[in-house]
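For reference, the chain that follows is the form predicted alone, supplied as structure tokens.
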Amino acid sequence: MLNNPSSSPFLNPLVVALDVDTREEALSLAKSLSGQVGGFKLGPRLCLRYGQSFVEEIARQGPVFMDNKHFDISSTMEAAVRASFDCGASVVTVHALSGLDALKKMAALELELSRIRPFRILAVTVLTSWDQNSLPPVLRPDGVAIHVVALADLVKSAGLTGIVCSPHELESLQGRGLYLLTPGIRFPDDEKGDQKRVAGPQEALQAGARALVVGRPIVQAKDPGAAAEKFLRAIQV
């Protein structure tokens, strides 16, 4: 079971986001990186286009993180999470902003499904594409870090065991016993794209991250295998 925050559904901390448009490109990347990286992230871009059979194909190459960030009434979220599990996902995301009651139901669902096979429901705090200036006006009176910590405490009180946050909040979240997954991982010479709160792989792990999501620096590289190896070497230093 993965209700223990110290356990991980991934083979190693490096999770590659398959941020591409076609089934063929995604499968080619997954097959070429299988056994090298810890798992693969899929979002609506591919899941909606290709469906369950495609997710099952990716899952044969490594653990799948379905990052569809469900944010709805709890019954709808539960149905979506169960469907993701049935597709072969090892990790799914919901929004921490969905509230205490919904998060409690997600915690019970995580416990139920993780008895069948390794499975985690992670609660997204504040997107890494947001900074203080781009926060929605209703959230702007407080800083990003304050919102992340408050949402992490809500997740913890609900009984869920993991969250998604940016590298910038990792240190402030220590001591809560939460599994921390972070996107926004870049080397200094990488393009940031739409990510605003970023850090390097070794820096993020030292600050407490258990898994790192990397997309474009690997999937858009001339040699994705070599790019992945660069991140893995940094993690192992």
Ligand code: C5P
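Everything quoted here is computed from the prediction, not taken from an experiment. In this text, residue numbers run from 1 along the sequence as written.
Quick note: we don't show the form predicted together with the named molecule, though the next part is all about it.
Student: Answer with one of Arg49, Lys31, Arg60, Lys69: the residue that has a non-hydrogen atom within 4.5 Å of the named molecule in the predicted complex.
Tutor: When the named molecule is considered in the predicted complex, the option within 4.5 Å is Lys69.
Student: Based on heavy atom distances of at most 4.5 Å to the named molecule in the predicted complex, which listed stretch, 181-189, 202-210, 51-59, 22-30, is the contact stretch?
Tutor: Going through the listed ranges, the match is 181-189.
Student: Does Pro217 make contact with the named molecule in the predicted complex, using a 4.5 Å heavy atom cut-off?
Tutor: Because a heavy atom of Pro217 falls inside 4.5 Å of the named molecule in the predicted complex, the answer is yes.
Student: Whether Ser84 contacts the named molecule in the predicted complex should be assessed with a 4.5 Å heavy atom distance threshold; does it?
Tutor: Taking the distances in the predicted complex, the answer for Ser84 is no, it never comes within 4.5 Å of the named molecule.
Student: I'd like to know whether Ala17 contacts the named molecule in the predicted complex, with contact meaning heavy atoms within 4.5 angstroms.
Tutor: Contact check for Ala17: yes, within 4.5 Å of the named molecule in the predicted complex.
Student: Considering non-hydrogen atoms and a 4.5 Å limit, does the named molecule approach Thr128 in the predicted complex?
Tutor: Within the cut-off, so yes.
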